[in-house]
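What follows is one chain in structure tokens, specifically the form predicted on its own.
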């Protein structure tokens, strides 16, 4: 397990371009599920790439259990992208074997069973639906038993029933393994359903507007309590999902009134 500490001062891609991220800091405790919500272009994917060691840190720091990130992350890390990124010339079993070459076949088959793909190990990606391919990517991520799991809108292009099934699978595996998770989404309902906390980011350059605990019991279904919680949150500031917050709401947030 890993405790993650983020302390970014700024991030840009060129000196003549505006910053993608502004001053941004937060912690993710061991085994915690934290979602990042904010408008497009606010640096959410950039931040995940920085955590994964795929983007440079210009000013600030990222720490894993107090160990400063200077190159590859000092822990077992899995990353689920918007696209499954499976090797099309390999079977499902072979795609999973790539990340865990020493795994016993029964371990791979057991993981496929957990994500609802029993009997699909000999299939090639082109023989699977988009939702099934995403299940393979989830199985691949958890097969390595990662200390940290990063997810960048993994269900964004799926229809509602498929997306909901995959959220349930993800939640079941997370509850089993208690991996530390940072999850990027535009869908507030998704963030509320899955997360321990939601960080709302501002419009670019991205900073944290609100760090909100989700105090609803699990499992969370989209019922009247769910919607009332969401309505109460958004009624405090209608511009929160657009990366804006009023001075009055900011003062309320800082005092813990919400």
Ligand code: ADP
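Numbering follows the first chain given and starts at 1. Only a predicted model underlies this, so the values are computations on that prediction, with no experimental measurement involved.
FYI, the form predicted in complex with the ligand isn't displayed, but the following is about it.
A.B. asks: Report whether all of 236, 239 and 243 sit within 4.5 Å of the ligand in the model of the complex, measuring from non-hydrogen atoms.
C.D. replies: Contact check failed for every one of 236, 239 and 243.
A.B. asks: Quick one: from 60, 31, 53, 41, grab the residue that has a heavy atom within 4.5 Å of the ligand in the model of the complex.
C.D. replies: Comparing distances to the ligand in the model of the complex, the residue within 4.5 Å is 41.
A.B. asks: Tell me which stretch of 216-224, 190-198, 32-40, 65-73 has a heavy atom within 4.5 angstroms of the ligand in the model of the complex.
C.D. replies: In short, 32-40.
A.B. asks: Does any part of residue 20 reach within 4.5 Å of the ligand in the model of the complex? Heavy atoms only, please.
C.D. replies: It does: once the ligand is placed as it appears in the model of the complex, residue 20 has a heavy atom within 4.5 Å of it.
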